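Presented below, as structure tokens, is a lone chain in the form predicted alone.
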Amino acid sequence: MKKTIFSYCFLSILLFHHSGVYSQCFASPGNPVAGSANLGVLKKHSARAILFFKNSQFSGYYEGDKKSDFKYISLAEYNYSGFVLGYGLGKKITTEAEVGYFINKTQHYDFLNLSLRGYGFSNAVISLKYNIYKSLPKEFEFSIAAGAKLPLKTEPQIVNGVTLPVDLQASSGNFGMVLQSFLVKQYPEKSLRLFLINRYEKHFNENKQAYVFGDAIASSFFVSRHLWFPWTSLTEDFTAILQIRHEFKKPNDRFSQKVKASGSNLVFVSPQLNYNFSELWNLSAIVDIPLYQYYNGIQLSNKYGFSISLSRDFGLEH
């Protein structure tokens, strides 16, 4: 018991000195939406529900785009479950709500055989999506969205008397906004679909740990193609999707000063397999593989990510 108390006291001192220094890249609180089902606007009075789960792991340190021999956290991971609900308010406008829950955000340390774990509800995003242009003959669609990002918890989580570092807090504690754009181009004769999704997140206020998470921009380009199985009764039930994603994060602020070991430029390739059944349900599996990683200062790096998502459309007959 005394050893456990000593270990947590020692860890508290280390976290006070190192919090926000060597692991800012790890799962910055937000809603890591998985998959590509949430595209464009919905038909009037129709709805779409998306449930997804994501696991990501982080290990090894980078300084810039080079591996570092620095040791502090041996392994970090999170398991996250999210829900997105969209409803078609009109022919050109859709309202959406995102909410998520971290089952765990865990860091295993290289010393004292200790681990820390955070969990809980993340942030909610409520937004409106508007279709700017849609051409059925050209099979082309362009939509934009804007929304508010709301922390579902503002008080820092405390475990065994230790205030968890910001990387392990489920919610950012920051209020913010989210801007998105969706561009879709289809080639029905080739069973081919191209789409580009951009997402910008801006945080405003300091949280209770005096942090403001930096602006984040994610751009994802998808190539989608139906798979054909002529030797079976299956036709267009399976779709293969390849995603190339770039994520840019500006450095965070703490006590109104930039955190040197924060901010990054990351590129991922994400193959995805989607299965449609009953013409209403979509089941997808996605793997995130880092292609390029650049971090400001010394930071824990991405290892891999895996996601599954299930979506269901309602009221498409309207």
Partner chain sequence: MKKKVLFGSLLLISGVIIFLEACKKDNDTQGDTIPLVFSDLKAENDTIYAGTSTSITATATGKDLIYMWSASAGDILGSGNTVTYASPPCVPGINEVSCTVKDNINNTQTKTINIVVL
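Residue numbers count along the first chain shown, from 1. Bear in mind that the values here come from a model prediction, so they are computed numbers and not experimental data.
Note that the form predicted together with the partner chain isn't included here; everything after this is about it.
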query	finding
Candidate stretches 176-184, 217-225, 112-120, 86-94 - the one whose heavy atoms come within 4.5 Å of the partner chain in the model of the complex	112-120
In the model of the complex, residue 266 touching the partner chain (heavy atom, 4.5 Å)	no
4.5 Å heavy atom contact, residue 72 to the partner chain in the model of the complex	yes
In the model of the complex, residue 100 touching the partner chain (heavy atom, 4.5 Å)	no
4.5 angstroms heavy atom contact with the partner chain in the model of the complex for residue 205	no
Residue among 131, 127, 239, 163 with a heavy atom within 4.5 Å of the partner chain in the model of the complex	163
